[in-house]
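Next comes just one chain, in structure tokens: the form predicted on its own.
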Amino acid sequence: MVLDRPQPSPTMASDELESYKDRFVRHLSQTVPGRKELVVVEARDCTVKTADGRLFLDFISGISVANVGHSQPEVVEAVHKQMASHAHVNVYGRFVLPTQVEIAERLARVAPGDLDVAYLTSTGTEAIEGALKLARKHTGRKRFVAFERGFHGRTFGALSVSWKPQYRQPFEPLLEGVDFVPFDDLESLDRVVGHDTAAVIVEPIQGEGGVRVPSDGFLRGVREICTDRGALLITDEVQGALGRAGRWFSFELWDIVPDIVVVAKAFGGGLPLGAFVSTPEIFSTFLDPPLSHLTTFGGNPVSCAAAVAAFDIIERDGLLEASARKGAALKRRLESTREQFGDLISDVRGRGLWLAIDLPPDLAMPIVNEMERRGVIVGSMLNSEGTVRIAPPLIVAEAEMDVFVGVLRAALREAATGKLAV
């Protein structure tokens, strides 16, 4: 099954298109080798258009960024309006910027407990760095506990609490005093969290670890252990917030309240924006001495305007409920596909529109590539070999989910008959 669309209408001549590919490789630092295949010129709703005129269904949302869809008109209008007013002036330290106030109030309104204060950043990794600093300063302790398969970013602090050794070892020494324990294993956690632990950092649902959902008692147990030892609980919601798992925050699925919450990706409505959210008491530690933490571009007014618009769309259009409902329907389709291709799909899991399937490791990327060839974008995972990422925008239509499933099954049939290049 393929997308029902007209013949491609190129927006670039072939020589111009190829020139961009060559210049990209020549002038942009690459951490993944090879020449890129697609030159993107437009993205709308759940689709991406390339310079040769092809349309693709985006079933990873730019890695859980485009929750309200690409180039959502109200978000675009908010960005235009804010840009016409002012962009960067002085984000932290001197002025009140209304869009910052508006998005921080919205976060505080939906966050549980006393999580009423947000520090705005540009990225999720930057927000993780701030959360780690805040935990150390507030507790006066040095150690952290993180989880196997966990991923929190690439800068030194965030990398220090990210699990995969091959990403950490080339840059060591990193932060000292970080213990890794198996995800969803309270006994192992209980053994390492001590009275010198500043914080435990956890993704309530692991993202790059393969959309791994813990058992029902796990996060409550983590909360209890942290409370007992006086350690803070940091939940990394960079991928999981803003409706991805069917709630504002994925930790709400287990009715806990962390001490610090980190958000980014979908938070900015398509523009760079992150935040770490905590209580007034915990944040007061950044006042002594003043300027304990600073940013130049974090909370940029234009990004905040996009975030306000995206937040209001999620709330007004019931996208939390839509994510839960559509995700359950899509998961049923994936389970049915697993029954049909049981020799290839070993597991289907996830919550809301945050799903994954496990394939033989040598077939995962060939399946991803074949689906792209047929007009559907999915992806792999950093910390889960053989896992395919499935995370469409929350506005995805039933017909688009049908197209996705049809393309997936076509690719699996190619694999089952040995026609895919491995």
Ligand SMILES: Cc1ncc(COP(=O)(O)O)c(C=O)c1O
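Numbering starts at 1 and follows the sequence shown. Treat the numbers as computed from the prediction; the structure is a model and nothing was measured.
Although not depicted, the form predicted in complex with this ligand is the subject of the following passage.
Heavy atoms within 4.5 Å of this ligand in the model of the complex: which of the stretches 326 to 334, 121 to 129, 188 to 196, 309 to 317 has them? Only one stretch passes the 4.5 Å heavy-atom test: 121 to 129.
Scan V145, A135, V238, V277 and let me know which has any heavy atom within 4.5 Å of this ligand in the model of the complex. The residue from V145, A135, V238, V277 that makes the contact is V238.
Position in contact with this ligand when the complex is considered in the model of the complex, options G246, G298, G153, G350, heavy atoms within 4.5 Å: Looking at G246, G298, G153, G350 one by one, just G153 meets the 4.5 Å heavy-atom criterion.
Determine whether any heavy atom of E203 comes within 4.5 Å of a heavy atom of this ligand in the model of the complex, and answer yes or no. Because a heavy atom of E203 falls inside 4.5 Å of this ligand in the model of the complex, the answer is yes.
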